[in-house]
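In what follows, one protein chain appears twice in different forms, each by itself as structure tokens: structure 1 and structure 2.
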Structure 1
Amino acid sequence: MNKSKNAAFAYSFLLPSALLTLVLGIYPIAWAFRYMFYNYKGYGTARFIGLDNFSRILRDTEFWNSVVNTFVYAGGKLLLSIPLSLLLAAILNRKIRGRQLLRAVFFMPTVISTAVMAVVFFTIFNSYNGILNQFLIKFNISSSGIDWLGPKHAMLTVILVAVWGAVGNYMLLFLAGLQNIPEDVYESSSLDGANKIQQFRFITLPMLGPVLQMVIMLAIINALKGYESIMVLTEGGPAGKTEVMFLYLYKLFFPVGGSAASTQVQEFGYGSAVAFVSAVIVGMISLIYFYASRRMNRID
């Protein structure tokens, strides 16, 4: 009897979370699986069209351009955020004055709303009256400023904004891993004549391996499905230069922007098919990395 009561008590705590998962997770996925075979605009009657949505995806150059942009965006974000966060973690793991304050400062962007962060950066990188261009003109670094959100620099700008928002989170994870490495190992290596670079190469990186693999996996997934800051900064423009995969998907369900949004029609059926293909692409990349990391562990 007591066991039954304990089980019921435990399930009562699990029930709210299970209901939220069912309503906000499983049901939308099931809904998308159904309507990706339909021509459905979000109103009226849904018309069954079989695999027509998927054949349309194969011909949709805008979608495949967004896939390419996603890989460029994700690659740039990973190449900058992972080394930078590891470097910051290594520095702030040392006994330096004010390290607790510095840790809080670098972690701060993680808890700030992505939309708020993007609005702040829009005022900085605005091509006409942005803070950064005013600084460049004032100190004669540039005569007319730089079009940071234009075709030439827009992708670099959104990558830098994404790196600023991600570094603090990954830094914290690296810090947790570094603090689990015994100091005795470093002391022994110092007695054997190892310098700081050799300690980092032959002690820190190998012992940080599991954390590094986890951070890279999280970074890959977050980079591939990130779009919020891009939506605020450029709305995927100019001319689709920064339109990533999940921003393209978002626009099929919720058109954004001014004049462009007024001519864009909601396409729930086609959007569901695009969502499925996008999820498959992210899943395949994650599985490839997971398989590669396991093979590396076996080689080690």
Structure 2
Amino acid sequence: MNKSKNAAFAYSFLLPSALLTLVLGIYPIAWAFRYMFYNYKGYGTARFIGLDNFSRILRDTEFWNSVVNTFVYAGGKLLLSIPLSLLLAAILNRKIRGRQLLRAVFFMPTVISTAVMAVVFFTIFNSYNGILNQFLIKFNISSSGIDWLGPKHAMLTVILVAVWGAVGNYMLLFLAGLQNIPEDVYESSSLDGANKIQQFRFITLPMLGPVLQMVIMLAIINALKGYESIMVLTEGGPAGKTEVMFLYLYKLFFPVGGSAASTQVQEFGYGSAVAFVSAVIVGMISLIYFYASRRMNRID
């Protein structure tokens, strides 16, 4: 009797959490899974069309352009942020003056809203009377400023903003990993005459292997999925130059801001199929990376 009473209590305590997760977490994914086989624009009746949405994806050059952009964006973000955050963590793990304060400074961007900072970065990088260009003109570094959000540099700008927001987070994860490396390994190696670069190469890097593997994995997934700051900063423009996979996907479901995209027709069925393909792409990249990086998990 006591047992069934206990079970009733357990279920009653679990109910709010389970119900919310089922209704607002699991059901929406199932919804998308169903509608990817339908022609459904959000009104009227949905019509079953089998795999037509997927053959449309194959011909959708705008989507594949966004996939290429996603890779460029993610690649650029990773190439800049991972070495930088690793270097910062290695430096700030040593007993240098003011390291607590510096850690706090570098971590600060991660507590601020991505969307809000994108608005601020917009006023900084704005080609016409942006704060950065005024500075460049005033100090004669550039005569007419640089078209930061123009077709040529928009992707670079978007990557720089992303790196600004990400370095602190990875630095912290690396720091947590570095704390597990015993101090005396460094001491004995410096007695053997190893310099700091050699120590980094032959002690820090190999012993950080598993953490490095995990952080890069996280970074890849986040970079492939991130689009909030791009949405506010460039809306995917100019001319689709910064359109990434998940932003393209968003536009199939909702209008964006005050741009021309707001007149775009919403397509729920096709969007669900695009979501599925995008999720598969992210999953595949993660899997490939995971197998390719298995060696890092081995400390020797």
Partner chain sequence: MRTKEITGKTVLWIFLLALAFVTLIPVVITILGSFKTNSELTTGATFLPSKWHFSNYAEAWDQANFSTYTVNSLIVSLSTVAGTLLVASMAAYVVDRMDFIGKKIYVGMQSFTMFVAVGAVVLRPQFDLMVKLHLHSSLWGVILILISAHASIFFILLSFMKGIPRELDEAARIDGSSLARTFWTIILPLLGPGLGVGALFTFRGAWNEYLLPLVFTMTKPELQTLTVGLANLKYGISAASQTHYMMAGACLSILPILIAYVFANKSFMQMTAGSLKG
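Rigid core: the largest C-alpha set superposing within 1.5 Å between the two forms. As the structure is a prediction and not an experimental result, all values here were calculated from the model. All residue numbers here follow the sequence of structure 1, with the first residue given the number 1.
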Two forms of the same chain appear here; which of them is the form predicted alone? 1
After core superposition, I'd like to know whether Ala279 moves between the two structures (criterion: C-alpha shift of 2 angstroms or more). no
Rigid core aligned, does the Cα position of Ile288 differ by 2 Å or more between the two structures? no
Per-residue C-alpha deviation between the two structures [Ser12; rigid core superposition; Å]: 5.6
